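There is one chain below, alone, in structure tokens, taken in the form predicted alone.
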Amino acid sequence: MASGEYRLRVRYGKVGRLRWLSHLEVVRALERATRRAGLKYAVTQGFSPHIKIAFGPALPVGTAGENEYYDVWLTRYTGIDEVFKRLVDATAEDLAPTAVGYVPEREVSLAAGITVAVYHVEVEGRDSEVGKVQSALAGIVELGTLTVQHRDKQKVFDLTRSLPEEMRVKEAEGGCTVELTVRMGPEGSLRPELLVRAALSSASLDASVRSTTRVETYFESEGELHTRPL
């Protein structure tokens, strides 16, 4: 951090219709919000200077997020309450900040530090009872791996590593909710809706995924899973 810069961390949601934005569109929208808020932000060096801002792991198009994060570097210290009010006023409701705070520059980056996420996957359909979906998920986990085909590439996920906690299935309106914790890493992140779809298909259940929401993201250090970035 250059002298006179302050690293501000913002927690926000990506919900409602804006869940369909791409990560790049979210980045641009929140950069514009920072400018509209009138904050004195730092810019990067080089031939094409731009606002100094960094985001946590990207969300796929269509996946909502309730506790997402970005860091923005300011050149003037402004009180937390004032920063929060300005950002709320300048940001679209479905991307609105829910908390802000200053963090030390030495703290690990969001992209590198966030390695665990909790998801809720909503399942609907004639066979979406809790017991049937639980049984289908258990069958997939017993296989030990999940192979995912994306365009011309194939990825194999070790489910023992990717799922550090046991999945939970709860009754919900019109079906059930699968709650699962996913560990991310250099090999990529297992998309929870693909795991659930594979389980439903392998068990020949008449059910489908209605929506996916990332409800929490965490730092993981020395075996401690649940440390919020802010």
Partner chain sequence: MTQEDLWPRVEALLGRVERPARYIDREWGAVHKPEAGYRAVFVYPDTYEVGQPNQAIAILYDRLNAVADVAAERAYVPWLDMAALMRENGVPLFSLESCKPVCESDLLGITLPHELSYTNVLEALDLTGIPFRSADRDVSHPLVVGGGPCVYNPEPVAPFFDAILIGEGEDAILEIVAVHREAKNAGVSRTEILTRLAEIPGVYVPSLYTETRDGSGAFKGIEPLGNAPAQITKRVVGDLESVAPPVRGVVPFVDVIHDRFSVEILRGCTRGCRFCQAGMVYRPVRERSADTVVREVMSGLACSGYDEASLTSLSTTDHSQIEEILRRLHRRLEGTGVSVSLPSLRVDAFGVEMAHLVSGGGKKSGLTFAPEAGTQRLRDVINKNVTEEDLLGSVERAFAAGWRRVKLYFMIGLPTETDADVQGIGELVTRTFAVARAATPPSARGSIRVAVSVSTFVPKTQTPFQWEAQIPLDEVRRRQAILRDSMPRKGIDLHWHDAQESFLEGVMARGGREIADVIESAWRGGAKFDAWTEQFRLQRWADAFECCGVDPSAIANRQRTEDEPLPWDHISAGVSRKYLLSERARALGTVTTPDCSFGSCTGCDVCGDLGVEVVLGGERRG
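Keep in mind the model is a prediction, meaning the values are calculated, not measured. Numbering follows the first chain given and starts at 1.
Another form exists, predicted together with the partner chain; not displayed. Remarks below refer to it.
J.: What stretch, of 130-138, 153-161, 114-122, 84-92, brings heavy atoms to within 4.5 Å of the partner chain in the predicted bound form?
T.: Contact criterion met by 84-92 only.
J.: Counting non-hydrogen atoms within 4.5 angstroms of the partner chain in the predicted bound form, say which of 172, 58, 29, 203 makes the cut.
T.: Checking each option against the partner chain in the predicted bound form, the one that comes within 4.5 Å is 29.
J.: Would residue 41 show up as a contact with the partner chain in the predicted bound form if we use heavy atoms at 4.5 Å?
T.: Residue-level check for residue 41: yes, a contact with the partner chain.
J.: In the predicted bound form, is there a heavy atom of the partner chain that lies within 4.5 Å of any heavy atom of residue 19, even though the partner is absent here?
T.: Residue-level check for residue 19: yes, a contact with the partner chain.
J.: Find out whether any non-hydrogen atom of residue 49 is located within 4.5 angstroms of the partner chain in the predicted bound form, and reply yes or no.
T.: Yes, residue 49 is a contact residue.
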